[in-house]
Every structure is written in C-alpha cells, then in structure tokens.
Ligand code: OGA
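As structure tokens, one chain now follows by itself in the form predicted alone.
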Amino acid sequence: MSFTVKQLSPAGASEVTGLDVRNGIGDEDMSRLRDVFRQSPILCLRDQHLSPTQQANFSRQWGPLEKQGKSDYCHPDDADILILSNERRADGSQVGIVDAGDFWHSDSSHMEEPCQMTMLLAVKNPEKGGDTHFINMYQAYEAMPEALKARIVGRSAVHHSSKTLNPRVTISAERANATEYYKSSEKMKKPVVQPMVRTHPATGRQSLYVSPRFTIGIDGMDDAEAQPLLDEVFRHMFSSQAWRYTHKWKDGDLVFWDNACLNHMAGGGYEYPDTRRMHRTTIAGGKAFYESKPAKT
C-alpha cells in the first residue's frame, strides 16, 4: 500500500500519510482513496505544499470543479482556486474572503446542485486560532429522536446565501461592503429548496441536510411553525460532542470533506496582523435528493 490511514476522530475524520499529490496520483491510489473517503468523510493529507495549479489539478481528479462566484478573490495563477484570508495589501484592500465559513453550513447548499466536496489547503496558519469545526450529519441524524425524524423526513427546507435574510447569522464588520453584497445577493439569487434529510449518492446513507447559515425556512410551512422546528433540529445538531470534530491545522495540511453529510464552521480566534491563508477548491456535485430505502452495504 502506498499510503496509510489513521483515524483522527470517530466523528468521521482520518489522516492520510505517504501520498504526494503534486503531480496527481495513480488510478489504484485514487480508487482506494475514494473508498476511504466514503467511510471517512473528512480526510487530511499532511505535508502537501502545492502550487495553485497543482491543487486544482489534483482536485479535478475527483471530478469537474465548481466555478468560483467571487472572482475578485480567485488566485491569479488559477481561477478555480479561491483565496480565504485576512491578509491585506499595502493599500488596505483584502487579499481573500475574510469571513468565509463563519457560521455552521454545508458548502453551496443554497445552489440547485450543491458541491460534492470542498478541498482546503493550509498555506499559512495564524499563531493562534484558525481551527475548523465539523459535525457528522450522518451521526446526528441517526441519533435523532424518532418523533423529530418523523416531522422532517420527506420535507424540504428553503436555503439562501444572503445573510440579510437570515436572523440566525450576523454580517462581519471585517468584510468590505458586506451588507451591500448580501443585499444584492438577496435580490439577484432565488431561494433554493433542499431535502431536510438527504440520501448520499455514493453510500446510500441518510443524513440531516440543513444548516444555521443557509437554511432560512421550511417549504410549505408557515414561519410560526417552521422556525421553532428548525430551532429544535439545530439544538439536536449541537447536543453532543460524539459527532463533532475540530481540525487544528498545520501548514501544508490538505483537508477535504463531503458536503452531503457534514456541516462545518471556521473557528476564528485570530486577528490581523496575525494572518491565515487558505486555498480552496470545490468539486461540483449533483442535485440533492431523498430516497426512502435501506442504505447500501
């Protein structure tokens, strides 16, 4: 075997060592890595000091990449790389997105076809803070009381990217023109409906598929009933550490995760001039769905 796998957390995180992905990996390693990823939806490859082009090329081995919507923060060497950073240029302008991931979410659930995977490379970590937190939504759903499951299975939730539509989140003062950006997003983007319980396209397992960041309502349900139900679901999500994992980054960590069965959130805890820089790619996915059938074995 050309690489080894060690569990980091029973919440679905594992560490992979022995791989160098600068020039991509062979078919045998890729097949095995996909199998590992189905079992462990958070993978960390250590010591991957990649150029933007190398990261993008390795990402493409997993599938077509999702186009980045914020072109101002794309890397000049490869437009498929999005820069997440609190760095500033000499004129005070921001190098990357400063408030990325600041509330619990699944990436691009506000899109008709949410991304399959997110891949994040730690280029520079701050002296303190900068952790990323995860919730395994397979495990959260499986541990949900049956009475609560019955209230959400088969229902769909309403998702939107604008923070101005969501009372559960706040707008970061660190991001230039953020309020204007979200107000524009509110008008330009339509709400998207997603199943509250999602069937994973590769494993067949069911997982909870809502988030405090993007889920703003329940389709066909009045807010007077929907918002308390969402609050109850979110309380359950956060009720146990058993299905949670916190990743403490090292420079060169390449972490990728499965958005169909996870929520994640940036932990923050650092302030400029202490800087953090991450390079992100997202692998395109398909339409989320729910099927009432036994999980694949």
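Since the structure is predicted, the reported quantities are computational estimates derived from the model, not experimental observations. Sequential numbering from 1, following the sequence displayed.
FYI, the form predicted in complex with ligand OGA isn't displayed, but the following is about it.
Chemist: By the heavy atom within 4.5 Å rule, which residue out of Leu148, Ala178, Val192, Leu84 makes contact with ligand OGA in the model of the complex?
Modeler: Comparing distances to ligand OGA in the model of the complex, the residue within 4.5 Å is Leu84.
Chemist: In the model of the complex, which of the listed residues (Ser161, Ser207, Ser211, Thr118) lies with a heavy atom within 4.5 Å of ligand OGA?
Modeler: Only one listed residue qualifies here, and that residue is Thr118.
Chemist: Determine whether any heavy atom of Asp107 comes within 4.5 Å of a heavy atom of ligand OGA in the model of the complex, and answer yes or no.
Modeler: Taking the distances in the model of the complex, the answer for Asp107 is yes, it comes within 4.5 Å of ligand OGA.
Chemist: Would Thr215 sit within 4.5 Å of ligand OGA in the model of the complex, counting heavy atoms only?
Modeler: No.
Chemist: Though only this chain appears here, would Gly101 touch ligand OGA in the model of the complex if you measure heavy atom gaps against 4.5 Å?
Modeler: Gly101: contacts ligand OGA in the model of the complex.
Chemist: Would you please decide whether Leu45 lies within 4.5 angstroms of ligand OGA in the model of the complex, comparing each non-hydrogen atom pair?
Modeler: Looking in the model of the complex, residue contacts with ligand OGA do not include Leu45, since no heavy atom lies within 4.5 Å.
Chemist: Would you mind picking out the stretch of 35 to 43, 230 to 238, 53 to 61, 260 to 268 that comes within 4.5 angstroms of ligand OGA in the model of the complex, counting non-hydrogen atoms?
Modeler: In the other structure, the partner sits against 260 to 268.
Chemist: Can you name the residues of 131 to 147 that have a non-hydrogen atom within 4.5 angstroms of ligand OGA in the model of the complex?
Modeler: Asp131, Thr132 sit within 4.5 Å of the partner.
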